[in-house]
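Below you will find one chain, with nothing else, as structure tokens; this is the form predicted on its own, and questions on how it binds or moves follow later.
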Amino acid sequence: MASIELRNLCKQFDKTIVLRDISFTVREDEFVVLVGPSGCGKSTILRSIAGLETPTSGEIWIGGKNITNMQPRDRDIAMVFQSYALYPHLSVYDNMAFGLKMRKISSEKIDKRVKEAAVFFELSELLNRKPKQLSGGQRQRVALGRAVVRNPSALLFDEPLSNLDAKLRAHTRTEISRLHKRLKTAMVYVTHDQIEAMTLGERIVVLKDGVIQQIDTPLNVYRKPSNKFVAGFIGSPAMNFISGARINGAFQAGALNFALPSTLVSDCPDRITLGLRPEQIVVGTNSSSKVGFDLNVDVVEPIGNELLVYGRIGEQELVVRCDPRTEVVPDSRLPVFFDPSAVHYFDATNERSIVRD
């Protein structure tokens, strides 16, 4: 086991800057997820750790050793790719054993490690099959097994579940969580799927345009986003935003007009963006401590365990997460309310979260 530390990592392709001063540490037994939109630099970070990309500047340390210029084969890292990258002419057994054979491990040890991994990933009955005879989920489990048998110092995952259907994704997510609990090895996982990020990561690194926006536990990233981008990216459906102004201690945006919580910092800016999670807007009758309004309903989406209602207040579009028994139809008005002391506020100029005391 070994920790992974990135120190001021930068990467530039010609004139395009992909990574800007990336610094964070993954503890030797920690599972860290890199998440962000396409092109944010998360896969470049992973490839730099693996040695498949050379940083323009900065350093990468693993287990207290500077490995920035070390060859990939010497880094004692295993990587699981999105595309599985299995050898089509080799059996499941030989695919899993290939890396160990290259390292001149004895046949007895190879056999022991491969069969132990096969039991863990439920591949024992498939060891003699070729990759073309396997389903997508089985191929991904072979790729996971091939990485695990090496007993690497760290494991890297590059969107390994993106080629699987929803049911298999959920099942394989559970397998990866079990794997981490068993190995207690440093793991870095890249995804654009926030469900994977929230359920797998002990900490999440949120990236945008090659810059770290926030590093924190999944719940803190969700509950205390550092800026508007993080607030809008993490959460499904995404957070609602309403642009407004602070006038005489009140928030004003069209029909919305209410006193701002006294817990907001004293230097609250004049231009404010209100952030409302879909579950923070509640259907029902307003009370004296809440802010109520009528939502003009456009679309209703019943999805089994909940109801998503899309609508408008003035020109602002909102989505509300409701109890599935809520009676609402398109082109109606739905009375809703929210607690102004529990929602999010952002500086409209720099989009940073306005911290409440």
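Keep in mind the model is a prediction, meaning the values are calculated, not measured. The first residue of the shown sequence is 1; numbering continues from there.
This protein has a second form, the form predicted in complex with a small molecule, left out of what is shown; the following refers to that one.
Visitor: Is Ser38 close enough to touch the small molecule in the model of the complex, meaning at least one heavy atom pair within 4.5 Å?
Guide: Yes.
Visitor: Please determine whether His192 contacts the small molecule in the model of the complex, using a 4.5 Å cut-off between heavy atoms.
Guide: Although the small molecule is absent here, His192 would touch it in the model of the complex, with heavy atoms inside 4.5 Å.
Visitor: In the model of the complex, is there a heavy atom of the small molecule that lies within 4.5 Å of any heavy atom of Glu159, even though the partner is absent here?
Guide: Looking in the model of the complex, residue contacts with the small molecule include Glu159, since a heavy atom lies within 4.5 Å.
Visitor: Classify Thr44 as contacting or not contacting the small molecule in the model of the complex by the rule of any non-hydrogen atom within 4.5 angstroms, answering yes or no.
Guide: Within the cut-off, so yes.
Visitor: Among 30-38, 319-327, 57-65, 295-303, which stretch sits within 4.5 Å of the small molecule in the model of the complex, heavy atoms only?
Guide: Partner-contacting stretch among the options: 30-38.
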